[in-house]
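Below you will find one chain, with nothing else, as structure tokens; this is the form predicted alone, and questions on how it binds or moves follow later.
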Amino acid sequence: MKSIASAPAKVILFGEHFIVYGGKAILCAINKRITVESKLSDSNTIHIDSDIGIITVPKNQLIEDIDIRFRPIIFLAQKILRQFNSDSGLTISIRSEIPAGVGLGSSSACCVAAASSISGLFTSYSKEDILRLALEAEKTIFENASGADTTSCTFGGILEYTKQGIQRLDMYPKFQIVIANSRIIHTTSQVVERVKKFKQKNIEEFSKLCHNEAILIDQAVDALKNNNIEVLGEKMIENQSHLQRIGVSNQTLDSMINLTKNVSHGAKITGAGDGGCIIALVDDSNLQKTLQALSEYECFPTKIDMSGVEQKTIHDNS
């Protein structure tokens, strides 16, 4: 028997960085997925074969001694095997359509897919149960993980996130999103610290930016609910100007966004910034023109994933 699960990546449409200071963020799942396949084995080990490497460890290995890249998945394997009193080992295969380390939620999607795949060997968990497991796993490497990315990868669709809670917007979007990768490596913690220093030096201006961002996001939510792509694009452009002001964009990202100026409905960075990806809002009328404008970069079209995590169990015929 094997259990196969997949979970979608995500992008942040609005609100990155300002969420840290009490604001809202709008996230959406996209139809690029990580797929995890799990099988029980006769060994006393946990074996992982993935796009980022291969590892085999004793199933009782201390989690602190595990390579950090594989730690969340080993944690899930150990926890679920213990929970169901299993003497088996595990063989886990991970394959991804998501570029890693560029702000598209690859680690969250992997945790969600792994939690669903491994648990699927023993039981059928609800998405809420999968989310709890995945977030616990993610915190083995990101202690302060908010749960926003993990929730988006679990439930799919478009989410409105605040520190007080998460609400899924009841809508079926007609737009698409082109993602372009700058291939600039960034460190989220360093970018967050830069924003903190900007705030400390520009208290009044930062407070005004937070206020303007809150208004912008309320307007963006209305545009989303009404599938008003033109207004949504305008709000993305406005949001990008806020992100530029707090210092998380750079010349390359600005140049990429400028390439889409006359073809997409609007574009901005997504995630921490100072590298990673930009997103451009499109529909069928300007999709190809936007892809062509960004052709010197790794870029691809995506649609909103409404399904979230999916799992199936396949029984051997023998």
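Because the structure is predicted, anything quoted here is derived from the model rather than measured. Start at 1 and count along the sequence shown; that's the residue number.
Quick note: we don't show the form predicted in complex with a small molecule, though the next part is all about it.
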Site check Ile12, His186 and Gly271: each within 4.5 Å of the small molecule in the model of the complex by heavy atom = yes
Taking 4.5 angstroms as the cut-off for heavy atoms, does Ile304 touch the small molecule in the model of the complex?
-> no
Is Val192 a contact residue for the small molecule in the model of the complex, using a 4.5 Å heavy atom cut-off?
-> yes
Indicate whether the small molecule has at least one heavy atom within 4.5 Å of a heavy atom of Gly103 in the model of the complex.
-> yes
Do Cys299 and the small molecule share at least one heavy atom pair within 4.5 Å in the model of the complex?
-> no
Stretch from 56-64, 271-279, 43-51, 253-261 whose residues place a heavy atom within 4.5 Å of the small molecule in the model of the complex | 271-279
